[in-house]
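A single chain comes next, written as structure tokens; it is the form predicted on its own.
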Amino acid sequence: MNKQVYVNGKYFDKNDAVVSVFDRGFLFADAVYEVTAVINGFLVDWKAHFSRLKNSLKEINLNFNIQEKEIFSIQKNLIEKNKIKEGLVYIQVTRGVGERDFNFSETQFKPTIVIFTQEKKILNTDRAKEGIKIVTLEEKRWKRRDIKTTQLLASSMGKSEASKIGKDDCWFIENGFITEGSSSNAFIINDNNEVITRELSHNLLGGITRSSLLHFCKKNNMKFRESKFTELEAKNANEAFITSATNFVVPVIEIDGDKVGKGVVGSHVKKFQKLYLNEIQKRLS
């Protein structure tokens, strides 16, 4: 069955969906995006994702009168058309089509919007059950990583570099501290059973799953702290994990060849996985 894709107000077969070669998203990565998980045909934390999408548009000065109800309806239509029970919905908004020019301030653009689905297993994955092994790499991305743009080459190269040496992913290091993963937020659990993740700033993306997990920690009186931590602190942690919309909560069992804790999935991460999955059932739409 061919999948349906939404482009600028119309639904297309995936083989017929196209955008202009002069679209600034293609020429300059002048675009932002969101990815929302789908469970049992329902969107996870959609309103939070939409709020971040609006913020990303604002931060790159992309004026687009985007309506939450309309975008929600399109996503639900695609989920139904493509019969997605478990997977993802991807939204990308570009500045639009125009002459190739670095300066966009003097031109009126009509934004391009693309939405499509991906069927993907995100519950009960091997990664979630067995954990992942990561490497640390020098941070080479731009300075506004809090904006969810399509400038993903450095992240793609980092994930690919990890894969080439038989590892699952990478964490980036800047000025001696872990920032985040190639497409995820980084967490450690110390000897005091305190959950630590980097505080929000321009240096990392404010993950929706990250925010939800910290909210659940507070709600359940679990200790957590938002602060910087080093590679050594991560390696010496009792447990470590990542969060993202495409993975939820995934244990990290090895960093640069060194075991984290005992090198197996720890009890606290298992607890967080169960807690998160239970809590998000209340946040489906």
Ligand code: PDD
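Please read all numbers here as calculations on a predicted model, not as lab measurements. When you see a residue number, it is the position in the sequence shown, counting from 1.
There is another form of the same protein, the form predicted together with this ligand; it is not shown, and what comes next is about it.
Across the options 216-224, 55-63, 23-31, 241-249, residues that bring heavy atoms within 4.5 Å of this ligand in the predicted bound form belong to 241-249. None of G96, G158, G131, G207 but one reaches within 4.5 angstroms of this ligand in the predicted bound form through a heavy atom, and that residue is G207.
Contact annotation: N185 falls within 4.5 Å of this ligand in the predicted bound form, judged by heavy atom distances.
Although the partner is absent here, R141 lies within 4.5 Å of this ligand in the predicted bound form, judged by heavy atoms.
For I39, no non-hydrogen atom is located within 4.5 Å of this ligand in the predicted bound form, even though that partner is not displayed.
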